[in-house]
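Listed next as structure tokens is one chain, alone, in the form predicted alone.
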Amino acid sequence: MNGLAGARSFVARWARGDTWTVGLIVIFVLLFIFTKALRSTYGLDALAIASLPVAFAAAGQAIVVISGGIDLSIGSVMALTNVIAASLLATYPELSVPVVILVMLIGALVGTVNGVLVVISRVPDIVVTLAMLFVWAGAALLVLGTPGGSSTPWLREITTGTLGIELVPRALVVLLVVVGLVWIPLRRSRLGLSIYAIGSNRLGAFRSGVHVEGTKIAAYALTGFFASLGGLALTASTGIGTPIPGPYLLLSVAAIVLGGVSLAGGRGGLLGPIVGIYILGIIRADLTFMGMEPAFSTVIQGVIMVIVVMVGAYLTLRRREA
């Protein structure tokens, strides 16, 4: 009984401290009910599988934005790790576990390279990562010129289906477990506090003894790590490697803004952006179920994302002026 009371108290404190995310969850539930009315056979499983790669991208993007930066190369990093995983799994299927671990290490290394270049060059993050977008996209094409490669059965199995009931998709469980294992300890650690500190006030953080450059590099390494998880999720869901980056950059930015992460840095978390990704995904499904023309549906999705980003930028400017 005491444990249940403690859990209720924790949930109540969290809800009071993160009303924005609670509001997003309510919006998602209402959208899901509307979607079930449109298509009764629609389940969370399909949404969770489709959203998994970009949800990992949004989690990585949120970390670097909280630190006061941004990573425009995240879609290319996902493509690069996707094709590396597909190529290696096709060649060495018996070494699937070491391949998955290697791909995650490669993602973290790529993110570290991005961070080092930002720190050493002292050029704005947006410029450096825009340049690296083309570098990593070219590297993906060098690894695999056309779609190909393969996946491994266990990687697909852990991201498809449900755990007993329809409302608990495996892909969602994998997402929450991985993000939770990384983010919960990180947010309470010195590194996590330093990420928030340099995003809020870089000079103040430096004067407080925070290693600004090292923290910035660590934030980009974590972003690369999550991008590699997104690449692996693509390999699991599609069964192949695709060297051309998908629309994951814009989706990740729209999701973090929708999820309450300030583009100015220092504010936000990872749960809000994940819920934001699910909201954007279910809106795409609704447009399809309502019989929208594919081209018109794409336009509507683009307009929604542009509006979300513009509102986020406006709120960021208001906070800076305040």
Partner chain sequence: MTGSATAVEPRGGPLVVARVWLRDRPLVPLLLLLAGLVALLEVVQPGIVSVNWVASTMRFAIPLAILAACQTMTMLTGGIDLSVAVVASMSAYVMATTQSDIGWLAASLVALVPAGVVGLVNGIGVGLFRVHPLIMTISMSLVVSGAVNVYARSNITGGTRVPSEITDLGGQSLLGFLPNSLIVFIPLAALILVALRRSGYGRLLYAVGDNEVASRLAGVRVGRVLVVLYLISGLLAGFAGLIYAGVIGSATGRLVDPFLLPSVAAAVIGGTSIFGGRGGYAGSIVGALILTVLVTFLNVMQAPEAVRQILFGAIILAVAATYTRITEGS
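Residue numbers count along the first chain shown, from 1. So that the term is clear: the rigid core is the largest set of C-alpha atoms that superpose within 1.5 Å between two forms. No experiment lies behind these values; they were computed from the predicted model shown.
A second form of this protein, the form predicted in complex with the partner chain, is not displayed here; the remarks below concern that form.
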Just to be sure I understand the contacts: of 109, 176, 167, 123, which is the one whose heavy atoms reach within 4.5 angstroms of the partner chain in the predicted bound form?
123
Using a 4.5 Å cut on heavy atoms, which of 240, 99, 218, 137 is close to the partner chain in the predicted bound form?
137
4.5 Å heavy atom contact, residue 127 and the partner chain in the predicted bound form
yes
Quick check on residue 295: any heavy atom within 4.5 Å of the partner chain in the predicted bound form?
yes
Touches the partner chain in the predicted bound form: residue 182 (any heavy atom, 4.5 Å)
no
Looking at the partner-bound form in the predicted bound form, is residue 305 within 4.5 Å of the partner chain by any heavy atom?
yes
Interface segment, criterion being heavy atoms within 4.5 Å of the partner chain in the predicted bound form, picked from 246 to 254, 149 to 157, 90 to 98, 222 to 230:
246 to 254
Superposing on the rigid core, is the Cα displacement of residue 300 between the shown form and the other one 2 Å or more?
yes
